[in-house]
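The chain below stands alone, shown as structure tokens; this is the form predicted on its own.
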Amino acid sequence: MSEAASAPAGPATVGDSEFDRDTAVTRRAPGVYDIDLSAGWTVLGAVNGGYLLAVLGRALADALPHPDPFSITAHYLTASRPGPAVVRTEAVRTGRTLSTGQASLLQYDDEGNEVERIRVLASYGDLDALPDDVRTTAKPPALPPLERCFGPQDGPSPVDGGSAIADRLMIKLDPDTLGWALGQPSGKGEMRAWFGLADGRDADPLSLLLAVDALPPTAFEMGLSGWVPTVELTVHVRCRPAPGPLRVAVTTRNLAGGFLEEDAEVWDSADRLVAQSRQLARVRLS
């Protein structure tokens, strides 16, 4: 075997990674796309909402004249499952700097009826055309160094609630938000972590749609357990991320009536706020 053939493979690149393959859509007709939703991005058997948002985001990037999601709002109508799905897109308005579109992801139920899983409305533009000025009071989360944080692979056994998606992500949680995994939740609605894709692919605007919904739910650190399904998720992409791991901070201020909000910030290696999100999620209280 030659030295070149035996050399270890380097990190995956944008456009050539598992994330890219599993979010790739095939255009069947103008505005209509086919995809096979991968079981590799499931949480307790359900397809992760951030992965689904990236699928819809990729279809809209093809359907609209602008390349990058600026703002995308998704309503999760029914739980998606691995397997075939159809994405239908529609351009709502096209302008010089922004275009707006909507998209729906649909699957068939066991009786062969078409069921809408998600509906989104999004505005797209060109992140590279934005001015460089930044005026902000926001600050990056104060995370310990990556080597002092912990992920699912650092425990003696799989973390309760772990899932297939964990094998595809590099998540290293701040120990101060890891009490839930040790049976000692802090009671605070906070979750912080270093984040990346396990194959080393650098972040881009589409993977930011995954990053905001990839950490364990803040409900875990509030002493609750079980699935926390997303009802609505809005993501703002602020700039194209620099290479290197991301830092993600998620907070919840109010849990009432079986619902909570999660506010997320995503920071890149250049200390820039590259994405923000808010979602409404349902929690099991008993």
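The numbering used is simple: start at 1 and walk along the sequence shown. Source: prediction; values computed, not measured.
In what follows, reference is made to the form predicted in complex with a further copy of the same chain, a form of this protein that is not presented.
Visitor: When you measure heavy atoms, are Leu98, Glu232 and Leu260 every one within 4.5 angstroms of a further copy of the same chain in the predicted bound form?
Guide: Spot residues vs a further copy of the same chain: full contact, yes.
Visitor: Would you kindly say which of Asp204, Asp167, Glu90, Asp176 lies with a heavy atom within 4.5 Å of a further copy of the same chain in the predicted bound form?
Guide: None of the other options qualify; the answer is Glu90.
Visitor: By the heavy atom within 4.5 Å rule, which residue out of Val43, Leu224, Leu37, Val228 makes contact with a further copy of the same chain in the predicted bound form?
Guide: Contact check passes for Leu224.
Visitor: Whether Ser17 contacts a further copy of the same chain in the predicted bound form should be assessed with a 4.5 Å heavy atom distance threshold; does it?
Guide: Output for Ser17 is no: heavy atoms all beyond 4.5 Å of a further copy of the same chain.
Visitor: Ala29: heavy atom within 4.5 Å of a further copy of the same chain in the predicted bound form?
Guide: Although a further copy of the same chain is absent here, Ala29 would stay clear of it in the predicted bound form, with no heavy atoms inside 4.5 Å.
Visitor: Thr252: heavy atom within 4.5 Å of a further copy of the same chain in the predicted bound form?
Guide: It does: once a further copy of the same chain is placed as it appears in the predicted bound form, Thr252 has a heavy atom within 4.5 Å of it.
Visitor: Taking 4.5 angstroms as the cut-off for heavy atoms, does Thr78 touch a further copy of the same chain in the predicted bound form?
Guide: Yes, Thr78 lies within 4.5 Å of a further copy of the same chain in the predicted bound form.
Visitor: Based on heavy atom distances of at most 4.5 Å to a further copy of the same chain in the predicted bound form, which listed stretch, 178-186, 143-151, 69-77, 210-218, is the contact stretch?
Guide: Flagged stretch: 69-77.
Visitor: Can you tell me which bits of 97-128 touch a further copy of the same chain in the predicted bound form, meaning any heavy atom within 4.5 Å?
Guide: Counting only heavy atoms within 4.5 Å of a further copy of the same chain in the predicted bound form, the contacting residues of 97-128 are Thr97, Leu98, Thr100, Gln102, Glu116, Arg119, Val120, Leu121, Ala122, Ser123.
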